[in-house]
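Coming up is one lone chain in structure tokens, specifically the form predicted on its own.
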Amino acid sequence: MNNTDPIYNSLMMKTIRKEATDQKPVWLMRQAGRYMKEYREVRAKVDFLSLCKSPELVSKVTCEAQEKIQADAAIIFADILLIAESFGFDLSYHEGLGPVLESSDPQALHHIKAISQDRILNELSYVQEGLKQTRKNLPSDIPLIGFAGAPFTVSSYLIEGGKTKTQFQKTKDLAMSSPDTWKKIMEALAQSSIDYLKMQIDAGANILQLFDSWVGILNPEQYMQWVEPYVTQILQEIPKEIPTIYFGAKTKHLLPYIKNLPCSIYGISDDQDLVEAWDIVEGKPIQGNLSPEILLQSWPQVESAAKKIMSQSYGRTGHIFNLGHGILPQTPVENVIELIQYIHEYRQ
């Protein structure tokens, strides 16, 4: 990418480089989803997994969402668990239950190995094609974000078999009682994630986000022992010209440790004061951090919460406006559209 490329000169990329801009860039996690009528119309015809595996529909819902809300980036429509199928797990999604992962081999995790590059290219080719089509269909100055689940979060799903009501006790027990098995799992997931993300770059992703959705359940010692080495490994392998974002929910207590990761942008969850977060990461670029629940309220309440974040970041370079987690399905789309317009027009 050279300095005449529309992506290089986009609002997102300038902000990541900490250049001064007239407005803040904004995109929202899960900006293509059930809160949007157009997405619901697609889902009425296909199930979630079939949608993920259709490059044409992936491009459609990704581009429609970006255009409708006028976000400054598009994030490819996919799921962090798609890679689990390549590890031999059956993946399904159930209304009200979420993802369910099953393996016919009860010892599958104990002899897990990294997926070969060829297998990733073959079995996840639909992700690659979805990215290619989306990059082609997006405006030339709108960056496309690719992503993967971080090893801890993906491993927790593999171990628990899906979502859990026991605070990931099986995952913690395995990490504590079988450190060699844990290391083997995390190394396999880290190496496979590197190859998966590089495939996404080759397919047209301009920015990468690593989702560590459940890492906030860990204490700092557990994070440093069980998580940090493998996240660092992934981030170090991504070409330097591709910006990387690391995000985990409810990670206020971990931010002093997360700040040492070699990522380009730190995703700040909504349990963290923005000014405090900026001090902790020593002024590096950050992304966040409006609570998704705020978007369920009346516009004056949304505006008040957004104004607080904007006033905290006004005059500082290196801030991407986003949520502290993904958009909730019951969110009024009008609030989302008005929020993004407000961010773009904000002047103190």
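What you see is a predicted model; the values in this text were computed from it and never measured. All residue numbers refer to positions in the sequence shown, first residue = 1.
There is also a form predicted together with ligand CP3; it is not shown, and the following applies to it.
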Students should find that, of W182, F147, W278, Y223, the residue having a non-hydrogen atom no more than 4.5 angstroms from ligand CP3 in the model of the complex is F147
Note: exactly one of A306, V58, M29, I69 sits with a heavy atom within 4.5 Å of ligand CP3 in the model of the complex, namely M29
Counting only non-hydrogen atoms, the one stretch of 90 to 98, 255 to 263, 166 to 174, 195 to 203 within 4.5 angstroms of ligand CP3 in the model of the complex is 90 to 98
*Can you check whether I207 is within 4.5 Å of ligand CP3 in the model of the complex, heavy atom basis?*
no
Non-hydrogen atom contact I80 with ligand CP3 in the model of the complex at 4.5 angstroms
yes
Using a 4.5 angstroms cut-off on non-hydrogen atoms, would P292 count as touching ligand CP3 in the model of the complex?
no
- Message: I'd like to know whether Y230 contacts ligand CP3 in the model of the complex, with contact meaning heavy atoms within 4.5 angstroms.
- Response: no
Across 190 to 219, the residues having a non-hydrogen atom within 4.5 Å of ligand CP3 in the model of the complex turn out to be F211, S213, W214
